[in-house]
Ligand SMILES: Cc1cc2nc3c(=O)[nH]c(=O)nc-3n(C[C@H](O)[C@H](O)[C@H](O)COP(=O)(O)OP(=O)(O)OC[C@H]3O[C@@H](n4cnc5c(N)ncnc54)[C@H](O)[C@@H]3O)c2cc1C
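A lone chain, given as structure tokens: the form predicted on its own.
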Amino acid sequence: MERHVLSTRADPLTHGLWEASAPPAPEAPPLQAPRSVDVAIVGAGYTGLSAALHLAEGGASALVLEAMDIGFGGSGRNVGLVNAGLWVMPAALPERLGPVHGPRLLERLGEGPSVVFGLIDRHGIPCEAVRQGTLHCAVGASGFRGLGERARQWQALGAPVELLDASAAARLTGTTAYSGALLDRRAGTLQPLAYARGLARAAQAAGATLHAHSPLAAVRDEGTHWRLTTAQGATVDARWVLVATNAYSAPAGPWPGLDEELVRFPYFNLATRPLSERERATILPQRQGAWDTALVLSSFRLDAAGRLVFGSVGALRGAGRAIHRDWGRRALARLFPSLRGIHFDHEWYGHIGMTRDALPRLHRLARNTWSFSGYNGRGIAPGTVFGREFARLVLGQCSEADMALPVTPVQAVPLRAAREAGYEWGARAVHLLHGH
């Protein structure tokens, strides 16, 4: 069973570089006294914090309950790529979600990076934001063909994406390992934990209340409102509830189905020392973030200090920690020979919530009780956008029919434990046997 800690600072394998370099979290003491608010939000990640910010700015009282620290889950552990859209091809959304929700979701998530960077600018959030685009790098001829089709579909929608050949990709990445790349100029990078903490500060400044270390124990329908009770016995009465826990939903919590419908996909990151000016002149010289089309994918980007953050599928626990770290050294040496023998100053990992069809979910769990989940590795922009969507619903600025996603029932994933074990052990096997 996975070990949980009470703080992002207590275990360097949970948040690594991001905890070491993020501004301090705002004060968010455990809930102690009874409270009554318009909206109670469970989970202080991007979705919950965006919802709290937009609700407070709209005049509603909002209170966030977080079991651990602000940004403890995927929001504080991810690579920090702010991408547009989803993993699935753009044309797949109208096919799977229909002629109303498909194009609507494409439009709103296509604009997702602008929403994120707009909030950063408006609230002055210090999170190392760089909007130079991202690079989806092609592995082999089949990878390049797939990116060509993705580029064609986005360009048909008017998106500023460009398919690069191998030489152009090499100039922007600093490696000749790829057969091409898709440059998406809408996108960028940021320090993910710093962004979460900045959203929290902005939400507090707007009037929202945040309580960390306040795990939820029970929820009861009181007819006119919901009563939420924490493990410490404190209560919150609220007319609306948003559950924004995604891959870190409690298996034995009030809504166990949310945990059962997601396959937890492990992903780790390794961070080098700050690279020299000479190294930075050739490796990602324009500061795009990058990831590839390999079946067991890898990602790489620079932070503000010039550290190269290199990640891939896998959990840094047990034998996997040494296997993935050793693979990381070999893979980096193959991509960037000048970094041969480099050591990693930080290493950490977390989990991505994967759905069966790689599409996010919107659920009405009960009266005035909603949840978003299943970001499939694209949490920063979608989480921010969906939090705003929920706020607009509560504030009466839109109706359920106007939401970006259709409401669907919670459905458990078959053989979930076996799938999760397959991801973890499969990644170990691949990284043990291959250099990249």
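Residues carry their position along the shown sequence, with the first being 1. Not measured: the values here are computed from a predicted model.
In what follows, reference is made to the form predicted together with the named molecule, a form of this protein that is not presented.
Not displayed here, the named molecule is approached by D69 to within 4.5 Å at the level of heavy atoms in the predicted complex. A residue is said to contact a partner when one of its heavy atoms sits within 4.5 Å of a partner heavy atom; G387 fails this definition for the named molecule in the predicted complex, lying far away. Looking at P215, you'd find a heavy atom of it within 4.5 angstroms of the named molecule in the predicted complex. Residue contact with the named molecule in the predicted complex: A244 places a heavy atom within 4.5 Å of it. The listed set Q191, Q288, T272, N78 contains one residue whose heavy atoms approach the named molecule in the predicted complex to within 4.5 Å, identified as N78. A heavy atom within 4.5 Å of the named molecule in the predicted complex is found for exactly one of P113, G198, G133, G73: G73.
Heavy atoms within 4.5 Å of the named molecule in the predicted complex map, among the stretches 363-371, 32-40, 58-66, 395-403, onto 58-66 alone. Contact residues in stretch 331-365 (any heavy atom within 4.5 Å of the named molecule, taken in the predicted complex) are G350, H351, I352.
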